[in-house]
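The form predicted on its own is given below as one chain in structure tokens.
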Amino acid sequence: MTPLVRVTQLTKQFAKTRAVDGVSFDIAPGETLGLVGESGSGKSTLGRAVVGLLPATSGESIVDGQNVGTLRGSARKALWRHAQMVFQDPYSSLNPKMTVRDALAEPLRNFGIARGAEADKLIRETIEACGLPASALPRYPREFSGGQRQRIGIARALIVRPNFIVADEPVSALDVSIQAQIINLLQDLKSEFGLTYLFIAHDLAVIRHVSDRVAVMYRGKLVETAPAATLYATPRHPYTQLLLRSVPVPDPKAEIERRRNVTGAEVTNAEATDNGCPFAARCPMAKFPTCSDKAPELSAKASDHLVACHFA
């Protein structure tokens, strides 16, 4: 099957900081690739570069057969008809001076999709598909809760009927009680509209629930990719193992043991260098000079399971 999204050696550099460093992955049509990593690992920068909201420093992002980096003007606009984003903060991503109707009508007008009665019909269908009544359309964002605003943001992305959506931490700014509702909504929309997702999050429980495959990112690099069930059952990279051990558990005794294990894994290797593995300074498995001299390549350790580690 031809991938809907193919990213090859994508790099994004800001001044002296390489936020994304030679990342490659594919996403098949109808698949959800979960991208996970701690804050500052480059996840959001990667998501924006994939759809062309940030220009890549080098490498390629091919979306629906189009090389994002080479598109300009109307060609890039045409791509954005098929590739949309849902942003993290529902409070800042909506224009406070626009009603919900106006926010949904604007992309229809910009892409020349529909006007008049046809646009009104599409707007009503989309807002209702996202779990809000048509009575919400004349109201302003300030009149809605965070979860409702995120539904509006999802509707704005969905209104142009894209086939690929980058969901950038779409539930991290919401109360835990609301997160499950938004996650279930995104899952339902995926089935109903045949969507493909790049789902970015730092919450491993969220990623496990929504993803077909998972990619783990650390300091701008992918360090492990695998089918979700495989990665959670048999994580091979020491950073992935540390992330999974960091997940809180409801049993108090087990939680005490978990914290002890996580603390014990936070080592500092003075022999680590910038030329070697990016995780070497924190890695309990590091062996020198191997880990300090050469950065490991993302390579297959088993079928569909890629790991960037010399000793995985």
Partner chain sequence: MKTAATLPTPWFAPAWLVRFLRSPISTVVGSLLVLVVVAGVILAPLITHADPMALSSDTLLEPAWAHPMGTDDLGRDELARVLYGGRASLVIGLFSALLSVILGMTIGMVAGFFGGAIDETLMRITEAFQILPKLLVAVVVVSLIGSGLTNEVLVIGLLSWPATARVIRGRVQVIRHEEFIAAAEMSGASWLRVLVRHVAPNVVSFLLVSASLQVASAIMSESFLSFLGLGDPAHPSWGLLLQQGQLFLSDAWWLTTFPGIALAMTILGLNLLGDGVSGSRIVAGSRR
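Keep in mind that what you see is a predicted model, and the values were worked out from it rather than measured. Residue numbers count along the first chain shown, from 1.
This protein has a second form, the form predicted in complex with its partner chain, left out of what is shown; the following refers to that one.
Within 4.5 Å, heavy atoms only, one stretch in 103-111, 120-128, 220-228, 192-200 touches its partner chain in the predicted bound form. Which? Of the options, only 103-111 has residues within 4.5 Å of the partner.
Thinking of 85, 88 and 93 as one candidate spot, does its partner chain come within 4.5 Å of a heavy atom in every one of them in the predicted bound form? All of them do, each having a heavy atom within 4.5 Å of the partner.
Would you mind picking the one in 27, 283, 272, 51 that has a heavy atom within 4.5 Å of its partner chain in the predicted bound form? If I apply the 4.5 Å criterion carefully, the residue I get is 51.
Given that the partner is absent here, does residue 115 sit within 4.5 Å of its partner chain in the predicted bound form, heavy atoms only? No, residue 115 stays farther than 4.5 Å from its partner chain in the predicted bound form.
Should residue 161 be classed as touching its partner chain in the predicted bound form when contacts are defined as heavy atoms within 4.5 Å? Output for residue 161 is no: heavy atoms all beyond 4.5 Å of its partner chain.
Residue-level question: is residue 98 within 4.5 Å of its partner chain in the predicted bound form, judged on heavy atoms? Yes, residue 98 lies within 4.5 Å of its partner chain in the predicted bound form.
So in the predicted bound form, is its partner chain close enough to residue 213 to count as touching (4.5 Å, heavy atoms)? Flag for residue 213 set to no.
Using a 4.5 Å cut-off on heavy atoms, which residues of 137-156 contact its partner chain in the predicted bound form? Just 156.
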